[in-house]
Structures are given as structure tokens and as C-alpha cells.
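What follows is one chain in C-alpha cells, specifically the form predicted on its own.
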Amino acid sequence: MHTTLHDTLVSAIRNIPDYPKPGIMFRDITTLLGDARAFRRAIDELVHPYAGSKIDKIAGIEARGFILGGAMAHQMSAGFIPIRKKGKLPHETVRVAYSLEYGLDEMEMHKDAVAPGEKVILVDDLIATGGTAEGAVKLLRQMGAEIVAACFVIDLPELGGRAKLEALDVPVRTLVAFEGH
């Protein structure tokens, strides 16, 4: 029996109620990453629309975006840019503040990670309120990157992150959506 992409991915994602706090349903992709078939299907599906396009770099947001982004970069013969929490990168960096549920945090990338005009796809495991992804878009654009798309395995549409990125003229690709948060 052939399973749909949606069914394969949804059944591979672990749902953890009341984490990190009561009322939150945490969508854990570590189980998807540990399932070779589901992991491969997710990566194939994330890169498929861009096959044949010239993509220079994949930018992954720490930490699960590193795993997805590394696999995507390999498959697309592109370079990889780690976007990290403040203070983790050893060389000269550029930094941006972004909004979290409660307050602000900062993320950074190396100044020499992207050249002006390079075509970049941004990737992370999940888009919720979009604060982190929006910060990453601003950081990449500040360095002259052309953002082709932002890709996520999971969308939580009620939290509005996708709309926030689309308002910045960033096409968004997600593979599965879950109701609620």
C-alpha cells in the first residue's frame, strides 16, 4: 500500500502534550528524523520545487534547521549557512534581535556566510508565530541575500507565522499543518 506524504510525515511526528508548558502541544520531529523513509521523503519534498533552480545556499536555523538544511544543501549541491543563537559563532558576525513569545532574543551568522545577490532558501522544522524566521530573513537580507523561499516541515497556521513571512515577500513552503499550538 502506498502511503501519502502527509500520512507518512504526520505519523512520524511525535506529539507531546503540555510541553514546554500546560496547554501547548509540542510537535517533535526527532522521531521523523529517526525514521529513514520519513526523513528522506521530507527532504525530497522540501527540495523538489527548486530542482533545476540555481540555489547558492541553504540557511538553517539552530538546531533542527541545521539537520534539515544540511540534507537539503547536500541534495541541491548548495552551501550551508548556520544561523545561531548569539555567542556561538567564532568569527565576525552580524546580529539581529527577534521576538519570542516573551521578550527578545538575538541570532547571528558569519559576516562572510553569504555574498550579495546569492540565492538562499531558509529552513527550520516548524513555523509558529514566525518571530525567529522573520529575524533570519532580515539578517540574510541585510547581507544582500535574495531569499527564494522559507521551508518548514510543520506549519501552525493559527499562530500567523506564514502570513508574517509572506508579508515580507518570502514564499513559504510547508509540508504538514497542525491546528492549535
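The shown structure was predicted, so the numbers you read here are calculated from the model rather than taken from an experiment. Residue positions are given as counts along the sequence shown, with the first one as 1.
Another form exists, predicted in complex with a small molecule; not displayed. Remarks below refer to it.
Between the small molecule and the residues L126, V47, I55, V137, the one pair within 4.5 Å by heavy atoms in the predicted bound form involves L126. Here the chain stands by itself, but in the predicted bound form one stretch of 111-119, 26-34, 139-147, 39-47, 26-34, has heavy atoms within 4.5 Å of the small molecule.
Among residues of the shown chain, G130 is one whose heavy atoms approach the small molecule to within 4.5 Å in the predicted bound form.
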